[in-house]
Ligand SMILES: Cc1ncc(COP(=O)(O)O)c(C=O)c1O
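Let's start with one chain on its own, the form predicted alone, as structure tokens.
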Amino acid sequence: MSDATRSDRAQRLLAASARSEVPPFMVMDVMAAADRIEAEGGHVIHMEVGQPWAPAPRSALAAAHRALDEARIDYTSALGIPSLRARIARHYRDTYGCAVDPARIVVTTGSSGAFILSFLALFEPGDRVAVTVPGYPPYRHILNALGCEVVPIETHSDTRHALTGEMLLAAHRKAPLKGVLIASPANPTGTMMTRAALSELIAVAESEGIRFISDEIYHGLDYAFPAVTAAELSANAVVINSFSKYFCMTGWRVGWMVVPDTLVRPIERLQQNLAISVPTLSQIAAEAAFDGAAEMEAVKHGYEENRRILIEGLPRAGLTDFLPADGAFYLYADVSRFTSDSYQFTKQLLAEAHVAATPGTDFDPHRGKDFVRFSYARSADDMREAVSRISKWLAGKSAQR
């Protein structure tokens, strides 16, 4: 066998599958580039990643320390520690006045694990699943990797970038949908859906036999009005949440789902095989995190101040067009006045002003070239410095024209 033949055979053996050819999650690439600047001594203002600046609640950290000192860290039930599932159910009662059976709660490896479990449990390869754009990129990427057909539905300012029942029906009539996924508060827009709007959307989906998934990872971070959970409105909806955002526990990788009774056992089987169980230490800390609500509310008030700083400061810098951000900790800003390529815009902003932001093409492959997402999950001082740096940088760009 010739060397050329051996090399060709080796390349075929090592070739990645087609399903692995998903686009990168650009925000992680931006974060890596920012890290390189900091490694060389630069000071970057991080507005690229949805990472809370505050640590996990003290109650969660204390519980984790006790567990390490006093107990073995063993496997748990695939569905999660029973006391954590019960505590999450109590959270629904206390926060939303909504009765949820702990038996319907599944603890997951962050919301990311919940997306994989829900997509595997609900859809077959080739099923058409609707998502809104702009929207969180891994929705599309995971669905594609699992062989589903993603149906992007463009949202617009006239509906405040929220999906309506009419829009869902229009997509369904073109070719039948098997599912729809929405987020409120949404990433990257910060838009929230009212109770009436969410109720109408769920009713339309269920009347057409479209399975409904509600991403509620930013619940708790609501400024315009209280967030509404789909668990209040339907026992058939799949609800996904996480301890990452409100509870500041991104790296702990622990989230949860509320699922219909009929999906509990299928998802349990999937979890048994894919993960066995969620990291035990993270589950112990997550249960205790609910005791840190006062601490987390103080963090939330900090985000509100950051939001005010950006909403008042960015227009003075020349970025005047963005949604008011009902919730979460993002502003999705129109930068078309300065560029038609948001990727190059954010690349230069990082290199020249040391402000890291995420190009809109991460969230919307087509119209996102005109938008940039700014995260305001850091300190107020960082936000003030960011406004100052962006203002000077954009002034310089304007002067060069």
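We number the residues from 1 along the sequence you see. All figures in this text were calculated on a predicted structure; none of them were measured in a lab.
Beyond what is shown, the protein has a form predicted together with the ligand; the following relates to that form.
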Candidate site Tyr332, Thr361 and Asp370: all three near the ligand in the model of the complex by heavy atom within 4.5 Å: no
Quick check on this chain: which one of Gly179, Gly110, Gly313, Pro279 has a heavy atom within 4.5 Å of the ligand in the model of the complex? Gly110
Of Thr132, Thr191, Ser118, Ser242, which residue is found within 4.5 angstroms of the ligand in the model of the complex when only non-hydrogen atoms are counted? Ser242
Heavy atoms, 4.5 Å, the ligand in the model of the complex: which of 305-313, 148-156, 164-172, 134-142 makes the cut? Say which one. 134-142
With the partner left out here, check for me: in the model of the complex, does some heavy atom of His91 sit within 4.5 Å of the ligand? no
Are any of the heavy atoms in Gln271 no more than 4.5 Å from a heavy atom of the ligand in the model of the complex? no
Is there a heavy atom of Phe212 no more than 4.5 Å from a heavy atom of the ligand in the model of the complex? no
Look up in the model of the complex whether Phe247 has a non-hydrogen atom within 4.5 angstroms of the ligand, and give yes or no. no
Select from 174-197 the residues with a non-hydrogen atom within 4.5 Å of the ligand in the model of the complex and write them out in sequence order. Asn187
